[in-house]
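Only one chain is included here, represented as structure tokens and corresponding to the form predicted on its own.
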């Protein structure tokens, strides 16, 4: 394991409260750099990402003041972080520990996603040498009972099954449990004592994953900050969506979190940003000359971001009914993808540079208007002798609920690159298929010599780039091609990168990538507070209008293609939904 010096604040700013000092303890000068699945990341860069130097104004930087000097041209000059790391490697006895505490360990998210993702990282040798996992929840449970619960959800990589049982046993030995209330500082102090027993005298780094309802986020953050934060390493907190219900509640949550944490300690997770094809967006655009010149209003006619599920709420409607499809999918997942897709070229791949460009996109957009939105709700439908229940048939949903389970919207970016290009979003439950994709429809070829071959419908000749995020990940480009033979007949073909056929390695789950990034202090795929504010500003006026006017959603049958109104919305901007064609997936 390699370690690096870190620029950081030694304590809270002048006049900080005792609670704020707890947050300051979460920012300590110990940084961890380790082999990321066989690829070593620059230690100094990882350290700089772990804690920013200027988090609290007026605090002297201990890493800077402690650094020795070197001589250049006969004069002493300050040694850089890279130089300092080379000159002063830490001994093996000073190795750091990482403790990951899953708060809400008995819940579905923890069991189905977080623990399996942590095991997958361990299986791939992506976690640090010294790590421990703690589950924390109100349920009474022993360490062995937690291990039994976790073991039922663990699987090994398809492409790497050797020593699977042995790896599972090793992983489970590192899992422990502590029962406590979420608002009890005393119970978190008890947790802190257990953590210290495992950490020993090493530098301790702590990551808290809040897999809990948002109404108790602040209770947990306060207790963890005051009673269970690291005193000599970093402490970070991963917060799951929803981040509020509108601009006001989101801002209140952010203010509450920042009573106990600074922004760089808060990792707001949107798991769609960790999906392979979403992370590949910037690679596809910025490293391929064939695409970047086309990425503008000059060549792109419209962009479609589509999310569909082929199942309903299935007994979980009580939770969903408080938020609806717009808050659950569009305001976060799809809008985040849109911002990544449409942003200008960042000056580097550093987290802040990328997030700055995303914020610029969001601030350039007009708030959504009711005329540019269609909402729907699925109803009961019988197909093949099977009756599928409607949304309000769910016993956890009120009979008079107007919560949309489907929404389609047209958004616009008011800048030079995208002026006039409709970005169409569509998201729904209980539809005819399951998937998520980005569709880029290009403009017609001016004066197309072969337009007679396509008849009067030039849309059939439109080039289209499709990025299929899930399932069956793929990137393909639709082109026009001559059918072999003596005649001049054209058809539409695909240049297809099908991931399962091209790559033998299994695609990691999004939670694996995001958990690893949080451990390393990499914030590129997490949401910053100003980014969150800008996102809510786009949707809050629409959401308030829908609720105040009690707009009734258009009903659509379970398993259908959604409300008819979505087609009229697309037609309003001379667009056809690309996912409703008869094309076959390659």
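Since the structure is predicted, the reported quantities are computational estimates derived from the model, not experimental observations. Positions refer to the first chain, counted from 1.
The next section is about a form of this same protein that is not shown, the form predicted in complex with a small molecule.
The small molecule is not drawn, but in the model of the complex it has a heavy atom within 4.5 Å of residue 108. A residue is said to contact a partner when one of its heavy atoms sits within 4.5 Å of a partner heavy atom; residue 319 meets this definition for the small molecule in the model of the complex.
Within 4.5 Å of some heavy atom of the small molecule in the model of the complex lies at least one heavy atom of residue 211. At a distance threshold of 4.5 angstroms between non-hydrogen atoms, residue 137 is in contact with the small molecule in the model of the complex. Residue heavy atoms within 4.5 Å of the small molecule in the model of the complex occur in exactly one stretch of 475-483, 383-391, 118-126, 241-249, and that stretch is 241-249. Distance criterion of 4.5 Å from any heavy atom to the small molecule in the model of the complex singles out 182 from the list 260, 182, 267, 341. Think of it this way: in the model of the complex, the small molecule has a heavy atom of just one of 189, 443, 112, 502 within 4.5 Å, and the residue is 112. Residues 299, 418 and 578 are none of them found to lie within 4.5 Å of the small molecule in the model of the complex, as judged by heavy atom distances.
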